[in-house]
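Shown here is one chain on its own, the form predicted on its own, set out as structure tokens.
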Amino acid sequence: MNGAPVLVFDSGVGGLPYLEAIRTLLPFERLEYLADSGHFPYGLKSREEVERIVRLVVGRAVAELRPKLVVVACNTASQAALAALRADHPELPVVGTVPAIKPAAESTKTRVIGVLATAAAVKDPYLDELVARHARGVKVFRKGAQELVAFVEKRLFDATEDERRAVCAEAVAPLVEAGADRLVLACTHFLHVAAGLAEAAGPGVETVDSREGVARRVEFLLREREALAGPGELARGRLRVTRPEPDATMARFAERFGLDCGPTLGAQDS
């Protein structure tokens, strides 16, 4: 069990900063990253469709890789499918990503926070529940920034600095204008441009995400199960996709995050 991998799963490259946070905390763990490129993007699909896809793809990954823990490093997938995944794999710890509403609400000075999410997640009842539970007395403004997801996935490396600034400014402008001094990055893709979002928002506005909390949760669960990898050679990790054709952009992301490119995982459904 200690030598089994930790599987980090997302619709695309969004979860890579979460993998990086886990690797920083647990450098000896063998990490497998799976990008469901065959079904990207999740943010334009219904909750029911996302649940079906995630159960299918993660089920295949679990059968092939035999991980000791799964991280669903995707807010949209977590909101739609986390409960179903835990029911499907009761013997396997499954850690989801939760929008960081609570720390944002606790730290805001203006009593106004903004939430950036995918088009689907921003309307999900799960987000309503988080706001009701953790942000009482705080105004919460939401923005679906699906175009920012596509930018990170497809154009991050080749866009000009002006293009990066423009797409970040467009995402945060209505939230900052509403008075938000905390921006919750409720899609993991946005962490790739967190610095650009903070710059566009201006001084006094902070971005908030959940990657460190997720990494600590992974450590806690592995330690609780006595499944932590022992000291040894630092693990490099692998990035795998579900789309059969090669993707040069994925290879560039793998290089940036110090991962090897692994074989395509499993056959795709129609």
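Counting begins at 1, following the sequence as shown. Quick caveat: nothing in here was measured; it's all calculated off a predicted structure.
Heads up, the form predicted together with a small molecule isn't pictured, but that's what we're talking about next.
This chain is drawn without the small molecule; in the model of the complex, the residue among 237, 67, 43, 38 with a heavy atom within 4.5 Å of it is 43. The candidate stretches are 134-142, 105-113, 70-78, 154-162, and the one lying within 4.5 Å of the small molecule in the model of the complex by heavy atoms is 70-78.
Not displayed here, the small molecule is kept clear of residue 182 by more than 4.5 Å at the level of heavy atoms in the model of the complex. By the criterion of a heavy atom within 4.5 Å, residue 175 is excluded from the residues contacting the small molecule in the model of the complex.
Residue 149 belongs to the set of residues with a heavy atom inside 4.5 Å of the small molecule in the model of the complex.
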